[in-house]
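Single chain ahead, by itself, as structure tokens, in the form predicted alone.
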């Protein structure tokens, strides 16, 4: 064997060892996903994190770093900046608000970090994939349900989610579309910011002002439950239909089974889908820009 051939073979052997070493290091280091949750004070969001963790647990190569923004937009922006600085492989964010978090999501995306926006949107298209249910469609279904279950002239209370978030806006828009041709009257509306305690307080105000309330449409099940508790405290719960959105197995579905809610519309967390999509992205596979999750209704038995 001549000198040149020996040198070439040594070089190839070294290269092979280097590639194998890199592969082994990648296998050992795994893939890091940063998950920024807007607020774990909401049961639905606790479930989302649990679904992400469960889905990730079947893939030992994945490590998910969870951060809770505690309903603070500035804190959530800082969390994404931390993920960017740390050089995570992918970011999942469920934003508190659309406009203030758009720039930092775009910043991550521009630096080549894939970003999955989960449940609540940001503005523009500077992200890898959005995953969520159709909130306009769900809101419309809620409105149509009340149209078929109430008499003409019925008086309604709408307890809104955070109206600077896209789900709150869309659930209101869809609801108004659902009741637009019906003789139903919204006599009281308030932004309860997704929180049961706020919903209960707002419902207390509505009950004090109006002798007749036929139904409450809350943008989530905790809101509907808070309204129910306020009505029950003054003995008026049996005269009012309460409907909400989320239908978590341990929450909304239970409220429906117990007859507290007349109906709850499922809003899937997308946790499993987020991890499935993240894996495809990290493997270099193409994914849709948007993935729309399906929904269903849970109704109380007559």
Partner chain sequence: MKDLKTPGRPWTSSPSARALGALVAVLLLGALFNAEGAFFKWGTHRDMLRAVSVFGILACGMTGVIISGGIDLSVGSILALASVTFSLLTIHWHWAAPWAVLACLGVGMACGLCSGALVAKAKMQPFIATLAMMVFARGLAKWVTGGEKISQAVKQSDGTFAYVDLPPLFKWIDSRILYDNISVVTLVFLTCLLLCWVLLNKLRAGRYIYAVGGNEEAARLSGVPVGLIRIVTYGVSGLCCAVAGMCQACQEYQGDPEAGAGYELSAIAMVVIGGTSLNGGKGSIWLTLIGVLTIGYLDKILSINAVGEDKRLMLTGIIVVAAVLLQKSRR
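This is a predicted model, so every value here is computed, not measured. Numbering follows the first chain given and starts at 1.
Same protein, other form: the form predicted in complex with its partner chain, not shown, and the subject of what follows.
Asks: Its partner chain isn't shown here, but in the predicted complex, which of 237-245, 251-259, 58-66, 273-281 has heavy atoms within 4.5 Å of it?
Replies: In the other structure, the partner sits against 251-259.
Asks: Given that its partner chain is left out here, which of 150, 84, 229, 182 has a heavy atom within 4.5 Å of it in the predicted complex?
Replies: Contact with its partner chain in the predicted complex is made by 229 alone.
Asks: Which of these residues, 172, 96, 200, 121, gets a heavy atom within 4.5 Å of its partner chain in the predicted complex?
Replies: Of the candidates 172, 96, 200, 121, 200 is the one lying within 4.5 Å of its partner chain in the predicted complex.
Asks: Please state whether every one of the three residues 77, 89 and 107 places a non-hydrogen atom within 4.5 angstroms of its partner chain in the predicted complex.
Replies: No, the candidate spot makes no contact with its partner chain.
Asks: Determine whether any heavy atom of residue 196 comes within 4.5 Å of a heavy atom of its partner chain in the predicted complex, and answer yes or no.
Replies: Answer yes; at least one heavy atom of residue 196 falls within 4.5 Å of its partner chain in the predicted complex.
Asks: Answer with yes or no whether residue 222 is in contact with its partner chain in the predicted complex, where contact means some heavy atom within 4.5 Å.
Replies: Output for residue 222 is yes: heavy atoms within 4.5 Å of its partner chain.
Asks: Indicate whether residue 211 is a 4.5 Å heavy atom neighbour of its partner chain in the predicted complex.
Replies: Residue 211: contacts its partner chain in the predicted complex.
Asks: Is residue 177 near its partner chain? Define near as a heavy atom within 4.5 Å, in the predicted complex.
Replies: Because no heavy atom of residue 177 falls inside 4.5 Å of its partner chain in the predicted complex, the answer is no.
Asks: Heavy atom within 4.5 Å of its partner chain in the predicted complex: which residues of 95-129 qualify?
Replies: Counting only heavy atoms within 4.5 Å of its partner chain in the predicted complex, no residue of 95-129 makes contact.
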